[in-house]
Ligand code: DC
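Just one chain follows, in the form predicted alone, and it is written as structure tokens.
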Amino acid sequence: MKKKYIIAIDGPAASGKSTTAKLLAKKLEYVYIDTGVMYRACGLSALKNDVDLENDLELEKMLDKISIRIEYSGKGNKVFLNGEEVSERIRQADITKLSSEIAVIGSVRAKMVELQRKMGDKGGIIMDGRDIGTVVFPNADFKFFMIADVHTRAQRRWKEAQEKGEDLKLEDIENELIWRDKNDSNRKNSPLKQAKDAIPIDTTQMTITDQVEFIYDVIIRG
């Protein structure tokens, strides 16, 4: 496999995108770009700077100055916002909700897409998110759309929280995922939807290994 492909993986929260993309990138020796953390970092920037999300001028000033850097290592991505590492902070509950709210804003999405295209313009990348195959890289070499039923996704998030020592209720997580699905699918700018040429993958009954091997086989077959 000589050509360095652009691989897009889209789908709702907790469908398995990020974990699969990370392992696939390692297997292919590609760069993995988690676009979700970029919106989380943007949300944190708005919080730190007390930006009113309904004030276009304040948002534009913030976006003009924002710097988001993702460093890759075997232990996972490190995310830097304006030079400060924020990898743990952006995973906290307040930022999770804020990131979904800020992601519907046109100027924010335009800036993030600009940064994402710069990161991936040379190929050899795997990028996951909500609109990679439809907006960011509509001409991606391979597109996949991962789904799973909401209860299964909630259980995945709950187990992750338990492993981190976070005391979250399964019901609350499921309700948040339902809210995020609706918000992401119905937003005006770049809604969550499957690209017409994307390969759908229902991960409800699949292990992470199954998911990685399925996509890997498709790519190797070309």
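Just so we're clear, the structure is a prediction, and the values are computed from it rather than from any experiment. Don't overthink the numbering: it's just position in the shown sequence, from 1.
Just so it is clear, the following notes concern the form predicted in complex with ligand DC, a form of the same protein that is not shown.
K.L.:
Okay, which stretch from 79-87, 95-103, 118-126, 145-153 lines ligand DC in the predicted complex, with non-hydrogen atoms inside 4.5 Å?
P.N.:
After filtering at 4.5 Å, what remains is 95-103.
K.L.:
Using a 4.5 angstroms cut-off on non-hydrogen atoms, would Lys193 count as touching ligand DC in the predicted complex?
P.N.:
Heavy-atom contact with ligand DC at 4.5 Å: absent for Lys193.
K.L.:
With the partner left out of view, is Arg109 within 4.5 angstroms of ligand DC in the predicted complex by any non-hydrogen atom?
P.N.:
Yes, Arg109 lies within 4.5 Å of ligand DC in the predicted complex.
K.L.:
Residue-level contact is defined here as any heavy atom of the residue lying within 4.5 Å of ligand DC in the predicted complex; does Ser45 satisfy this criterion?
P.N.:
The answer is no: Ser45 has no heavy atom within 4.5 Å of ligand DC.
K.L.:
Is the gap between Tyr39 and ligand DC in the predicted complex 4.5 Å or less for some heavy atom pair?
P.N.:
Judged by the heavy-atom cut-off of 4.5 Å, Tyr39 is in contact with ligand DC in the predicted complex.
K.L.:
Mind listing which residues of 114-140 have a heavy atom within 4.5 Å of ligand DC in the predicted complex?
P.N.:
Residues within 4.5 Å: Gly129, Arg130, Asp131, Ile132.
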